[in-house]
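Here's a solo chain for you in structure tokens, the form predicted alone.
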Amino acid sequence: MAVGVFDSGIGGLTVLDALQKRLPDVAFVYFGDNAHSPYGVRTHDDIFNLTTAAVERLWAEGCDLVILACNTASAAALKRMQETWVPPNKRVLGVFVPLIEALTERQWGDNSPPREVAVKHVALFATPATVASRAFQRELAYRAIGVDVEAQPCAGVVDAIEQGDEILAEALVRSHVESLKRRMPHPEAAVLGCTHYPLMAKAFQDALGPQVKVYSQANLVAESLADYLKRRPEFVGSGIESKFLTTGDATYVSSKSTQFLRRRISFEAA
């Protein structure tokens, strides 16, 4: 039984790592579309087409359920996919909702009307496409009222991470945090709205200061998936083997993934 995990590159490995720890008996097939990364500067139609192609590849691996461990794809393509493209016997889920449920202190699947929450000033760090989609704000509005969200498009950070340039990535993080704080000097919480960004979590926290609670997605998504599979076990597919697939150079992607996760990761060509 296997579940698919998709990202535009290596950032989704942060989610996969948490999923494997939370669900050790489930096989996971990871698909990184490194040849077309980053998605954050692409059009919505382009993101939709690339994401659907990747999901179809994961279905071919026996993954009836696919997690879009990519905020850009979740923001720009998921709603359209669910409404017009995903067949009844498959499921494609995103990474926004578990994060927002944690931010608003709601239980998984709580569909009650929006209400006041403790956190009023939220900084969102995401790719330009995610920020432009306003998907985070839309999902938040379903669950909370009176929350001010200041979004910062973090151009260049994903590129630096994918290229293995941690020094450049840290410098870009500091620059983007400074830019946001000019508009929102005192955020109470910060959302890392890209699955690449947990690899730079310390840089974000250092730049924001210890008084800001930083939310990242990996453990929240893992807990949400465990709950989902408990309720819908039929969506654990027919695949039985864990593997890592990439549209990019498998040797290069394996090396960079190993560097960032600090454990051996071996990709094969998709």
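All values reported here derive from a predicted model rather than from experimental measurement. Start at 1 with the first residue shown and count on from there.
This next part talks about the form predicted together with a small molecule, which is not shown.
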Query - Heavy atom within 4.5 Å of the small molecule in the predicted complex - the one residue of 200, 76, 158, 122 that qualifies - result: 158
Query raised in the report: According to a 4.5 angstroms non-hydrogen atom cut-off, is residue 204 in contact with the small molecule in the predicted complex?
Result: no
Query raised in the report: Should residue 31 be counted as a contact of the small molecule in the predicted complex, where contact means heavy atoms within 4.5 Å?
Result: no
Requested in this report: Report whether the minimum heavy atom distance between residue 37 and the small molecule in the predicted complex is within 4.5 Å.
Outcome: yes
Query raised in the report: Pick from 257 to 265, 21 to 29, 5 to 13, 243 to 251: which stretch has non-hydrogen atoms within 4.5 Å of the small molecule in the predicted complex?
Result: 5 to 13
